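To begin, one chain is listed below as structure tokens, in the form predicted alone.
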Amino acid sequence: MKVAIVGKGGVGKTTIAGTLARLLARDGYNVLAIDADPNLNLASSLGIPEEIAKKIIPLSENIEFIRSRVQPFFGGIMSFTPKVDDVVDRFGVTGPDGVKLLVMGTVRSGGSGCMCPENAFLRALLSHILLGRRDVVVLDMVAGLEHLGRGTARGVDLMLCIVEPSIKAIETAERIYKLAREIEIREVAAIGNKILSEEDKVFISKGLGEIGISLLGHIPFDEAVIRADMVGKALLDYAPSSKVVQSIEEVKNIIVEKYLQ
């Protein structure tokens, strides 16, 4: 199963991605977590020690390695099928519960037409991960889906949008939904996060219903998430019995039942 987690900045998608990855690993799945968000916070949410996380260089910044794989032919034409099948084992970092993290970094701005060596390499790598590997993949992405092209998107089983009770979060979800449809991602669902009241649940349900996005569950607001971040710990380590972890566990069970059985 390959699940791409997206949403407006600040909605809590990285905390959910890291916790979901570890809960899946605890169920016995071989889990690969991919950090493709500019903020590069997934290592912390997975519980990888800070002294190790600081040494991780995003693949997009490893220019020398990328150019060694995307070798230009005579006349300056790049190879769009670089060797990538060894990248996860070579650069992946194993964290708690056996989750392997690969920090991909982001593609350059400029739209899908930008085919610099870094973009060509990252797109080839993501295509291999989504279409060629049998891991359960949890992909923490930017809202714009910059890494995904129409062909690569075939490997995404579920686009999971994290939505907080705000107009901007609903608008972002609508934009993501349209982009996902354009690149033919079949399954798009959402999780409501930072819920404080029944009114919040109704607001999110109504907004997503008007768009046509199904809702897998709600996650309550919990200050434990903030405190875990303040001390640099994964939520699953800091507050394993918190209502947030329990709610993510419930969503995980839904995903497993629907996509992994």
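Remember, it's a predicted structure, so these values are computed and weren't measured experimentally. Start at 1 with the first residue shown and count on from there.
Not on display, but discussed next: the form predicted together with a small molecule.
> So in the predicted complex, is the small molecule close enough to Thr19 to count as touching (4.5 Å, heavy atoms)?
Contact with the small molecule, no.
> Does Lys2 make contact with the small molecule in the predicted complex, using a 4.5 Å heavy atom cut-off?
Lys2: no, not in contact with the small molecule in the predicted complex.
> Considering non-hydrogen atoms and a 4.5 Å limit, does the small molecule approach Pro220 in the predicted complex?
Contact with the small molecule, yes.
> Report yes if any heavy atom of Ala143 sits within 4.5 Å of a heavy atom of the small molecule in the predicted complex; otherwise report no.
Yes, Ala143 lies within 4.5 Å of the small molecule in the predicted complex.
> Checking a candidate spot here: are Thr14, Asp37 and Val244 all in contact with the small molecule in the predicted complex (at least one heavy atom each within 4.5 Å)?
Contact check passed for all of Thr14, Asp37 and Val244.
> Counting only non-hydrogen atoms, which stretch in 24-32, 49-57, 198-206, 226-234 is within 4.5 Å of the small molecule in the predicted complex?
Every other range fails; the passing one is 226-234.
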